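This document starts with one chain, in the form predicted alone, laid out as structure tokens.
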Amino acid sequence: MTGPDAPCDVAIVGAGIVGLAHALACARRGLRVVVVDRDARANGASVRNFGFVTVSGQAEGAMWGRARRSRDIWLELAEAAGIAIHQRGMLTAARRPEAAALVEAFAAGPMGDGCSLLTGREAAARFPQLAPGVSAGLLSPHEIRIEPRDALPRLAAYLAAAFGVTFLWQTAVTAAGPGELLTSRGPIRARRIVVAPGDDSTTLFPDALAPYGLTRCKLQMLRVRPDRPVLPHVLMSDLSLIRYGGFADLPEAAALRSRLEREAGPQLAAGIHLIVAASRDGTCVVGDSHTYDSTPDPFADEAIDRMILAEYAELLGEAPAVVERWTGTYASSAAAPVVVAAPCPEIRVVTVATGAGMSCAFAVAEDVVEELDL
């Protein structure tokens, strides 16, 4: 690959985690790959999330399998690309009795394999950082946490150095068709094209994406600096249990949802659930909220941040100092958690429409590349 007009096997539009996952899947097959992105670096949902590769809690079936495969690939890349694993495992701390019943049901099912169920007393003894009132805990060993703002640049650099993937940054794609991308640097000829548009469903192939009813989910997140040592595992709460399909789809979730509707109406309206993910510098990424609109406003709502921090305080004591705040958006669809559209045999448009790109993108990419018959 000597320039944007030289032929390649696969041209990929978008250098977020979905685009990079497809670049990796193609490069591992020995294919010539070029990745095009309109920004100077990954700057969207892929770097504005927890970096939490979630396995337990993914919906049973395809998503659970994708998460397990993608977690394994992250572990391979951690060594090969120098990507740090900041945490391993997940603790879901159930406060309400209904939440305890739900994690017990999960642990007893097939997706609870390898997970440990803790009584409230056991959770308190093992994790003294927790505030009083935890009635049960589910400890999953399957998760990992990376820092996306560090991992995405390292992954791109690894793809370039180890496989010769060409990156064309600050390059806009204006049109795509069989065998060719038109860009602000000129045409790119390619046998196959993968478009990884993130939350942009209008620029390229909007007709192919229209059946999926894509909209945008806006989230608010914070970075905090606790006064006390943080948990060794990523932490989730009662509110998390009704957002993750692996928990929420169980019959026992109905009682918890009913109680939360009575006790936490504003939090549910803002789509708030608690995840606390620690970094090696002693800070934690905390969030998040979920509101939906085709064009979300860019403004953070202080009331939502206060509710997130109050949920933190319920589980970990007094809310810590906030050192950073941000908003993000990702594609969302009620029709499918992963959208793979085929406007023609040589092109696929791929977006993860649940906010689980870090957890499943590598497995999705392997399936798409297999389908493209390269």
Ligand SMILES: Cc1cc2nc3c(=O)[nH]c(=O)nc-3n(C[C@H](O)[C@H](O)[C@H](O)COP(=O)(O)OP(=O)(O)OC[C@H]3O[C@@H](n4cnc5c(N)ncnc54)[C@H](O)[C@@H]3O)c2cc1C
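Keep in mind that what you see is a predicted model, and the values were worked out from it rather than measured. So that there is no doubt, residue numbering starts at 1 and follows the sequence shown.
Form predicted together with this ligand: not shown, discussed below.
Shown alone, this chain has one stretch from 300 to 308, 170 to 178, 124 to 132, 86 to 94 that lies within 4.5 Å of this ligand in the predicted bound form by heavy atoms: 170 to 178. Residue contact check for Gly51: one or more of its heavy atoms lie within 4.5 Å of this ligand in the predicted bound form. This ligand in the predicted bound form comes within 4.5 Å of no heavy atom belonging to Ser70.
Though the partner is left out of this view, Arg32 does not reach within 4.5 Å of this ligand in the predicted bound form, counting heavy atoms only. Using a 4.5 angstroms limit between non-hydrogen atoms, Tyr312 is distant from this ligand in the predicted bound form. Residues Asp200, Thr203, Leu204, Leu219, Met221 are the ones in 200 to 236 with at least one heavy atom within 4.5 Å of this ligand in the predicted bound form, listed in sequence order.
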